[in-house]
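Just one chain follows, in the form predicted on its own, and it is written as structure tokens.
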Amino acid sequence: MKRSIFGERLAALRLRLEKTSSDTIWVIQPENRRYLSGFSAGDTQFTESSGSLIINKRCAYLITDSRYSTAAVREAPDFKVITMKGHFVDELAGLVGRIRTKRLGFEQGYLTYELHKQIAGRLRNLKRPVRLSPVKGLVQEMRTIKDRAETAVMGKAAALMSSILDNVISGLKPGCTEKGIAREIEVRVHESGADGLAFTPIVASGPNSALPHAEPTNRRIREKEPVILDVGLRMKGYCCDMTRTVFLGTPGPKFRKIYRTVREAQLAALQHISDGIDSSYSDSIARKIIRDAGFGEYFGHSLGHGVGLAVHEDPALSPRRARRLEKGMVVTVEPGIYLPGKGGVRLEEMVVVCEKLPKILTKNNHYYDF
């Protein structure tokens, strides 16, 4: 009988687990939980969980509570669902003890200190004590390479977001507020059939566009000034991410030069994203163009980041975190120039790494030829 995609991921994780010091892994990060099981419930906040996974070479459990158990059984057939009736720490310790775990690996980047203390103490007091062992990136590394089904979903998400952004841009006029534009994006996304927003839209105009992650304000957009629109939605759990900078009317020579420089940097970087290329090299290509144009100090962030079930994940296109790019990775390419108090320009595409040139998923073609 052919395995499901989640069965294949379980098998791959078990092989990875054999190379660690842990015999069992406790998966608590929501994106990792969904990737391995298909269970789609979201966590309302960092200290709460709709469920977690316990996996070793013999068994796979999804622990949840009565609010989610019916959905968990339906969505995660490769896992045995356990509905908690008592305190979570006691339930977890009891299960770990029953399956004769010796060392329980946990996702070190997601477990709170308080919960770690509680669980470590409970595991020490078991008849057969269990040690907690931190694990880093075990599932996240699996998620960096997307299969065809994943890239297909992300392509649909990007196409939908591109269409929504097209419609929003076509309706822009002087006097619209940043908050009003952001609200329109949110409404269109929710009415589109998507899961929802991947993140709160960034709408930043005039001097606010000099803030890479500005929050929308009541400021009204004006003619000839830059307006950065950074948007994304989710479809079947997967994110898309794209940015355009638009102008109402032709900007002055300074921002025409900035825009041309950012676009040149982006296009050049896209030519150097392929299987086997060092991720920091792509960043260096864009950074050199911006630096040679005299704006080096105004490009402070990395060229891009991975996208998948999380809107920011590995790999990074960064001078500080170099790694070899591989076919199937999905990354953003988003150089920017930001002049404090005056404004900025950022342009972002989301692409799939291929053998040669990348496949661009974001379809909005709203670019200027200044």
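In this text, residue numbers run from 1 along the sequence as written. Predicted model, so just to flag it, every value in this text is computed and none were measured.
Just so you know, the form predicted in complex with a further copy of the same chain exists too; it's not on screen, but the next bit is about it.
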- Task: Have a look at 169-177, 242-250, 112-120, 268-276 and name the one stretch with heavy atoms inside 4.5 Å of a further copy of the same chain in the predicted complex.
- Result: 112-120
- Name the single residue among D78, E186, E225, E91 that comes within 4.5 Å of a further copy of the same chain in the predicted complex, judging by heavy atoms. E186
- Message: Using a 4.5 Å heavy atom cut-off, which residue among V311, L339, A60, A316 comes into contact with a further copy of the same chain in the predicted complex?
- Response: V311
- Message: With a cut-off of 4.5 Å between heavy atoms, is L197 one of the residues that contacts a further copy of the same chain in the predicted complex?
- Response: yes
- Message: Can you tell me whether Q108 touches a further copy of the same chain? I mean in the predicted complex, with a 4.5 angstroms heavy atom cut-off.
- Response: yes
- Query: Wondering, does K136 line up within 4.5 Å of a further copy of the same chain in the predicted complex on heavy atoms?
  - Reply: yes
- Would L211 count as a contact of a further copy of the same chain in the predicted complex, using a 4.5 angstroms cut-off between non-hydrogen atoms? yes
- Task: Could you run down 191-206 and flag each residue that has a heavy atom within 4.5 Å of a further copy of the same chain in the predicted complex?
- Result: E191, G193, L197
